[in-house]
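Presented below, as structure tokens, is a lone chain in the form predicted alone.
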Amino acid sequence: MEHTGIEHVKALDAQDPLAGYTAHFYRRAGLYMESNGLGLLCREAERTAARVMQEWGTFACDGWMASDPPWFFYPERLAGAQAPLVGAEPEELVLGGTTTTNLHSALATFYTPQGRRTKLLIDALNFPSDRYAAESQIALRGLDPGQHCKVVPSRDGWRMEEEDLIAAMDETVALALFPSVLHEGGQLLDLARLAEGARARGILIGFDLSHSVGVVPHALGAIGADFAVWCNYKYLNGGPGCPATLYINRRHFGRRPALAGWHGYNKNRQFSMLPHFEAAGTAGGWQHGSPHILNMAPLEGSQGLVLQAGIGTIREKSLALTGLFLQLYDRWIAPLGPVLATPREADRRGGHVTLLHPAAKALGAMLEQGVLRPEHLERAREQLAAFEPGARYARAQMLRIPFAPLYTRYEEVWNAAAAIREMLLALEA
């Protein structure tokens, strides 16, 4: 993309192979700024949710086997359909719980400190909930999280370097846990390099893919990840309360899940109600209680839309959207002060771009409403006045701008950059 004029941008929308998908979603005014927090509702999700509700009304308890597909196998079926998105085998995936509860389940199984290997390695920019889970799992083993949770610092406060993470993989580390995309800065880590580094050092490794599944293709099996977790309500648009997905590499199928529950039982004998746990010989063995069928139902429709579009095409457009914004940033925004936190390299970018600026919150509010109002300028001036010159940027000064390829148009990217420029110029006037 060499040109960023509005006519060129409109031409990009006209040629976009995903343009037709926008109509599937319920839209709102302004640029939706929470695609990486909660995806929009699509009509396919609405239909599958309605179908499952109807099955409940028609079959009642018999729906566990009489519905189509049977609710009894719903978690495995829905998760298995995600296999092309993450480079896994269907039986290595299961749907249930939340990202954090799935992480607890995986850590309880795979974090086994012994001898000198007692530390759980994370990065300083990991999502807080992941760190909470890591530290609590360390404490459950009678160890001090302050001593046994090894945190790799960031050099600048919003990016991580793979060489730093690998250098920290020493003989004291039992397990490493990293995100795919940093939720604040938008940096995409090289998971293959990290997995190779861990494997060469005899360290188990897991990943949190919450900010990448559905917008970045993965190859979990090929890189040899031991486990992974992710939510389904961001780029997969599964809706609030949608259960999360857990990936267990098949080489661990013989391992007993540390947190057993009746729905993780061998499906052929589950209703025998035997007194001792017999895990299913797949990732399904890591399930716990009965699945949240109604919460899962919208995902069937929404992820079907993603699979139909194709993760390769989605990634291509995602990079084009963020690439266009970076060009506009260089031309319009950078001269006015905001600092780019997201890497420029295509293979280092996830689905969102982050700018650092004292008035980030006011800029975000303006983008969401789609129009510059006096109250936005007033709030921005207050934020500028409160920011000390030379101070380190904090979370409050981060403007995260997500682009969802299935419903974000190129013209919206252009409008967002133009609106940021307009507001920054108004603040200088």
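Remember, it's a predicted structure, so these values are computed and weren't measured experimentally. Start at 1 with the first residue shown and count on from there.
There is another form of this protein, the form predicted together with a small molecule, and it is not shown here; the text below is about that form.
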Can you check whether F253 is within 4.5 Å of the small molecule in the predicted bound form, heavy atom basis? no
Would E300 sit within 4.5 Å of the small molecule in the predicted bound form, counting heavy atoms only? no
Does Y233 reach the small molecule in the predicted bound form if we count a contact as any heavy atom within 4.5 Å? yes
Are any of the heavy atoms in W332 no more than 4.5 Å from a heavy atom of the small molecule in the predicted bound form? no
Of T282, Q137, T322, T99, which residue is found within 4.5 angstroms of the small molecule in the predicted bound form when only non-hydrogen atoms are counted? T99
In the predicted bound form, the residue from Q82, T354, S210, Q187 that sits within 4.5 Å of the small molecule by heavy atoms: S210
Heavy atoms within 4.5 Å of the small molecule in the predicted bound form: which of the stretches 106-114, 85-93, 164-172, 124-132 has them? 124-132
